[in-house]
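Each of two forms of one protein chain follows alone as structure tokens, named structure 1 and structure 2.
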Structure 1
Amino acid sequence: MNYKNITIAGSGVLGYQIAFQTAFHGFQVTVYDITDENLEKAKTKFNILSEAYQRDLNATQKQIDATFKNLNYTSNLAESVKDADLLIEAVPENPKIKIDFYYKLAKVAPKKTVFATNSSTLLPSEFADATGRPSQFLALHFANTIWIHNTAEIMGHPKTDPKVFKDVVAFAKAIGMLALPLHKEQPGYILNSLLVPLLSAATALLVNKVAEPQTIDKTWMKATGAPLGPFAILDVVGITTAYNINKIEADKTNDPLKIETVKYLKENFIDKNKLGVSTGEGFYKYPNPAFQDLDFLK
């Protein structure tokens, strides 16, 4: 693996974290987003993230300064990939948006560039052909708060070159991740294959008026010893992501519960900009959510 220049496409919830983590570990990183306004927002988020690295990882000011020197920004797609060894795509979790992005990317990226999608719910084979280089395309999936929950699930598709797969596993390790190779395509990888059913079950209990979010979280935390309940996890993941996943399911299956869940999340959270940790409120209020109270489980 001789990657040096990494491009991150999309500076949203996970994109900006991947960019900062990669720059922190000494790679040259170009952050691409469709507007300069989005890039300015990313710079603000990087400032906040640098404090988290100092607090959680004991990062020195020298390391933080070096990280910022490794970060570059552009809203020009061709410019963003002109030297890229690897491009990690973190655009919205929508098949149409991703396919459209890859068609555009394929026209401007150098032949050497490997493409990796951070998609959490879509399989790489669904848009491998759109990349124009199926053998140099695979999935590289990160969990939220990647500097702490440092997992990287690497999942190829039937046409992925084994050497490319091996190189991306090595890259994941080089940026401080626990590399988790998957041997075949699996919707949701390992993490979300386990996590999504939990979050869906919790949301169903709420929408069906069985119990309140705090009661459900208390049950899970006390009974299993987990540090967070499902609704606290949803706040971290972002309620927009949960909404999008449920909407795709509702449109596909016409399941009445999924339809009701989409309506519930839209009216109570999306429309009110209560999107979780990122906006300061979701199922809990931040920075001091109730589940962190010492007497929460009493």
Structure 2
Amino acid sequence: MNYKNITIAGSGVLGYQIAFQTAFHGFQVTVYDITDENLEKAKTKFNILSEAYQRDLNATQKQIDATFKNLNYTSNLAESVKDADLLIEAVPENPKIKIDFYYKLAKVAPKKTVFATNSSTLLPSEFADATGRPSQFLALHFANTIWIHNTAEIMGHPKTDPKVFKDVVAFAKAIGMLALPLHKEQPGYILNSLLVPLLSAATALLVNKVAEPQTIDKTWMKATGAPLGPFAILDVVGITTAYNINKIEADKTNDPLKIETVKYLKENFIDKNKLGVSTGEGFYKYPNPAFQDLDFLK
């Protein structure tokens, strides 16, 4: 493994998970965020996360203690990156914030440091120039609840050095990820390129009054052997996200179906605080959703 020191920029929802997972696998990790207050919050979240590692991965106290020893914190960007072999950027999904971050980072990072963005919806080529080192830049995209849903999609842009790409694939494996290399840039990577059309098709069947959500889920589950149907997945993703994606599309295209979908989700779910698993109800009621009943597919 060519990397030893890893910096994680941004300690929000995904950043703190990436930091802990990387430290858990024996790397020296520096967590960088804009304020010391955010870093203090991250420390509290690490304590809660360590319980999840013990519960879900049977991590031992010794492993957890070693993980905490591998974690360092600073709100000084130059300090955070001074020894870094790899910096993983998990700052907010806002092109202006990301570009501004890369301009500042480029000024203080050593030549050897490889930069990787965890952006979900933006392409690495949009920031390649701002990094000042396009050949040492690519996307390394994790999923929420990284310790259980351990996928890492690795996606370069046309100027990424193939050696850098290979090293990042090896790093992803070294931190316990299922490494999923893409050959070219693709908005939504592999997962969302598959998932978003499936979820849209399911919502269209519902809004067009073709069938009930449970009938649609049963069809998908029985016919493909999948453990969840599209509406159960929507409950996990959160109906607010589905609403936001449809709203952006509706505003952009004026497509009557999208407009109807936005109205449907707002009236039936958003306004009633039925936002999915997080609020205890979405298309199903939790903690015992109907699709988990033994008779659901009979």
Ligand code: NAD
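Just so it is clear, the structure is predicted and the values come from calculations on it, not from any experiment. All residue numbers here refer to structure 1's sequence, counted from 1. Residues that one form lacks are left out of the comparison. Under this definition, the rigid core comprises the largest set of C-alpha atoms superposing within 1.5 Å between the forms.
In this comparison, the chain shown as structure 2 is the form predicted together with the named molecule.
If you fit the rigid core between structure 1 and structure 2, you'll see the Cα of residue 97 move by less than 2 angstroms.
With the core held fixed, residue 12 shows a CA shift below 2 Å between structure 1 and structure 2. Comparing the two forms between structure 1 and structure 2, the rotation angle of the smaller rigid part against the larger comes to 24°.
Shown is the Cα shift of residue 231 between structure 1 and structure 2 after rigid core superposition, which amounts to 7.8 Å. On rigid-core superposition between structure 1 and structure 2, the C-alpha of residue 194 is found to move 2.5 angstrom. Segments of at least three consecutive residues in which every Cα is displaced by 2 Å or more between structure 1 and structure 2, once the core is aligned, occur only at 194-298.
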